[in-house]
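The form predicted on its own is given below as one chain in structure tokens.
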Amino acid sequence: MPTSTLPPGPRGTLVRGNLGQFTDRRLDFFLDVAREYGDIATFRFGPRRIFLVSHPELIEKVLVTDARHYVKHFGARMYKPVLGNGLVTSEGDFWLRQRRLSQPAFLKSRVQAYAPVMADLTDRMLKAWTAGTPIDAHFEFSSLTSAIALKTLFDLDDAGDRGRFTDTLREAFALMSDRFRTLVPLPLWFPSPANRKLRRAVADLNAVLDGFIAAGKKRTGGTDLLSRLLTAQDDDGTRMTDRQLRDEAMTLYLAGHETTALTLSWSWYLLSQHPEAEAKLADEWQTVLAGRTPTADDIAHLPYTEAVITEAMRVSPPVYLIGREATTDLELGGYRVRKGYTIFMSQWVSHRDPRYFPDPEAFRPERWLDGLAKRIPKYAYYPFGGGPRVCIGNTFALMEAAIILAAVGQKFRFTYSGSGPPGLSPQITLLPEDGIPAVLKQR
């Protein structure tokens, strides 16, 4: 076991440590720490000791090799009031059972069966668009992926329920994000205005989800994800309780909705700034699709579309930070990680590492067309996390993004209308601070 000497890192204040720097400029703070102090650095949030790990081999050691000695970090646990004990927040044998019960619903063949739903809802959105109309691209794609998530997850078409559900979820996560930036968050039972708002939001979400689950139980032969989870059985014949169904449904909705919307939003912003890349995309779509709506089988024949999505998730990763907490004393990069220490791994940092991505700030989809993914270390690029807890919906998300990107791009272009680059609002995901204002142009 190495000595207790800590790795290098920035000085902080006596009480708050580096929490103020993190709160003021979260993404730049991570990037500055990694570039100044190296592949393993340390800082404090109040009394909490944190390591920032940036080398792929060290990231793999945390997420894979020593995964059994880590649990989700304190920030992820803060989201339990909303996500419950779902796949993102649960641990140990309970997590393993839930993962095993959920996995069949995400087999490639089953996920591909949702492609027609994705294409149909995208076509409905496009019919409502008019050239010359100003839009918020992120709002539009968030609304679309929300509709797709609720249709594939709950077999729900009602736009009213969808709007209520999405608005309440956003409010709840904004409140949770505020708690994350607080040195000592008030316990949830304390009747502060923020806590009262959060409890109301969670109660509203639970009421909506309970309704979805009750309706799902009345259906027979459903192909939506909830129907599959309702019938999933463990080896001993047991099934998920209503509470477990609620927690997994909430988790899967978030994972299947927000991250894909962000991938599309950032993709179109980046394309609007790089017309040469957009022109190559249009040529690929014309050659392969000739104006028709893409299917799941088409995706393998759209390599540049895949490269654009991959590069957008490198430059603007929807999930920009993951963390683990040590459950025992460990070694990492020659340093002692004591029980209770937190390990942060930031995709925002890793995806900008010039050792693996020359000219890392540049949007260059071509970098992925010559086998880069096989040449770089596995954890130089990890938009969906990794190890046993890699995102269960990654196949769903990538297929959805490709279908929507190609369907939209064959009919419309976007002219970005903001006065400067979109501001970044890093919450549980990497949001555009004030949306992505754009004007629709007919293709």
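Because the structure is a prediction, the values reported are computed rather than measured. All residue numbers refer to positions in the sequence shown, first residue = 1.
The same protein has a further form, the form predicted together with protoporphyrin IX containing FE, not shown here; the description that follows concerns it.
Within this chain, Tyr416 is remote from the site of protoporphyrin IX containing FE in the predicted bound form, having no heavy atom within 4.5 Å.
Contact annotation for Val64: none of its heavy atoms lies within 4.5 Å of protoporphyrin IX containing FE in the predicted bound form. Within 4.5 Å of any heavy atom of protoporphyrin IX containing FE in the predicted bound form lies no heavy atom of Ile376. The closest heavy atom approach of Ile40 to protoporphyrin IX containing FE in the predicted bound form falls outside 4.5 Å. In summary, the region of this chain contacting protoporphyrin IX containing FE in the predicted bound form, judged by heavy atoms within 4.5 Å and restricted to 53 to 61, 25 to 33, 388 to 396, 40 to 48, corresponds to 388 to 396. Proximity of Trp95, Thr260 and Pro318 to protoporphyrin IX containing FE in the predicted bound form is complete: all three residues have a non-hydrogen atom within 4.5 angstroms. Only one of Tyr356, Tyr79, Tyr335, Phe106 comes within 4.5 Å of protoporphyrin IX containing FE in the predicted bound form through a heavy atom, and that residue is Phe106. The contact residue chosen from Leu289, Leu126, Leu87, Ile299 relative to protoporphyrin IX containing FE in the predicted bound form is Leu87, the criterion being a non-hydrogen atom within 4.5 angstroms. In the predicted bound form, Gln347, Pro383 are the residues of 345 to 383 with at least one heavy atom within 4.5 Å of protoporphyrin IX containing FE, listed from first to last.
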